[in-house]
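Single chain ahead, by itself, as structure tokens, in the form predicted on its own.
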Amino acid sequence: MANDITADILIIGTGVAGAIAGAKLAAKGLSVAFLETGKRIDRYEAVEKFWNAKIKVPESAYPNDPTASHPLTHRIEDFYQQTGPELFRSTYIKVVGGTTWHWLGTTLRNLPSDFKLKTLYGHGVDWPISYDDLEPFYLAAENEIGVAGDSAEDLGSPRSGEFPMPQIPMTYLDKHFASALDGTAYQVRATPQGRNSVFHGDRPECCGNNSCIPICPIQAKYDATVHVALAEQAGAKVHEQTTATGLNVGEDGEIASVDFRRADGTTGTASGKVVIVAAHALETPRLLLNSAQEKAPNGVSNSSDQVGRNLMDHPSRLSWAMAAEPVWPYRGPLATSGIENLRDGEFRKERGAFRIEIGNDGHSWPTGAPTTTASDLAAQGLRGEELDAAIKDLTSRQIRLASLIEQSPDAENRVTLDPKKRDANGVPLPRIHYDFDEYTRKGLDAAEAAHNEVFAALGATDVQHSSVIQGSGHIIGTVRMGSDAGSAVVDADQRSFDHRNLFLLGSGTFPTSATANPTLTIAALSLRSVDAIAASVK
């Protein structure tokens, strides 16, 4: 085992949290090295894999690699060792650029109230920072990612500046929803998005391929390879197919080195004056727990016993129906508008808030349409012009909604290590205990009622609700941020309470799930931590 990687800043993970921080730290003149389990992705090859895949899921473009294994949506219990009572259904991938390769691109900010849920509504916990503390970094993150949005629209999160690009135009389908819901309790608004509405950042504007998940064929949608490239241009080194397997604590209580294993089976150690773990809210606690040693008997950074606890998502209520007239889905990004005025209110004393995403993808998510629509009609005996007319009629009227529910932090929802099963790198597979409390379930019920009202306003028929509570791909809360070392893992700078040269970046540090898709907040928090990280380099 050789110590063959050294840097001022050692970053584990090249997703949005690590890549943005790495790019900024490298630009400051610090030496930066990334350890990344996965490999670089060739966009053309990934698109081909997606189109040729028989099963269209978020991971279709990124086949599982034995040395960089990740969960699969359609085989969720292969990688996650689940103990119930509910299944945790959100997934991620391990590649250079991380899961931003298959994110939707939604870049809403949290609401000010999301930071003080306990104070305002007596539920959950407060964050150790306020909205005002993070607002300048939200603005900076929107500029880093390149967000298209309507700066004049009040989405409940006050702004100190404008979006860098005008909004992605609402689709015909969006406008149909907006017209039908005008004057009701449901206000349809354009969704801020991390994709280009005009040529920006040397990337083209979105041309509406409608395959944002799993892949944007032209990189109009932001992914973290943008900041990986910026980091490399500033001198950072990316060690791909290199898995961190354990953190070693020195005599001074700081992280002295990191053990790693390459895809070819060789091993080594890496060291940095500062170590950042930005390996996603499942892999970060998994690595910390796998690093148990004499100086950290319960795992690194786990003196509070909070590592792995408070696992959250935005559980989704998925519903679909047939519009009364053609609305022409399957065009534009997968979602360009939403209903955002249901994210706050006194009801949060009793139940979870939610936002409603309006899909441009017809019945693709719930049923696999339009392919399944065609095959179902053919199975009914339709052929030729009759079949063609039926396909056009049905697919032009397919609509779907998904509400993303605020989930409560619960210490019993947790990630631990499976005692028997290990991956190819010798790291125990994640074992997950997961459930929904009454606060969250009441939010799901309220969302279903809202969906019924929205569909009724559109005169829609054949309304269906998924029997499964879906995941949103928002893995949150396993290394929580707080002001008390006894009940949290990191402080407001995302620095470990236990190890002064260790920072944990990403949605794992969120104290609550809040009411916005998490990526923009991840980016803003990473930017906010940069100065504290740089100042820690001795």
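Residue positions are given as counts along the sequence shown, with the first one as 1. The structure displayed is predicted, hence computed values, not measured ones.
A second form of this protein, the form predicted together with a small molecule, is not displayed here; the remarks below concern that form.
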Pick from 76-84, 152-160, 394-402, 89-97: which stretch has non-hydrogen atoms within 4.5 Å of the small molecule in the model of the complex? 89-97
Give a yes/no on whether T243 approaches the small molecule to within 4.5 Å in the model of the complex, heavy atoms considered. yes
Since only the chain is shown here, I'm wondering whether G506 would be in contact with the small molecule in the model of the complex (any heavy atom pair within 4.5 Å). yes
Would you please decide whether A514 lies within 4.5 angstroms of the small molecule in the model of the complex, comparing each non-hydrogen atom pair? no
Close approach of H474 to the small molecule in the model of the complex, 4.5 Å, heavy atom: yes
Among V490, L502, A26, L35, which has any heavy atom within 4.5 Å of the small molecule in the model of the complex? L35
If the cut-off is 4.5 angstroms on heavy atoms, which of these, I12, I9, L525, A21, is the one near the small molecule in the model of the complex? I12
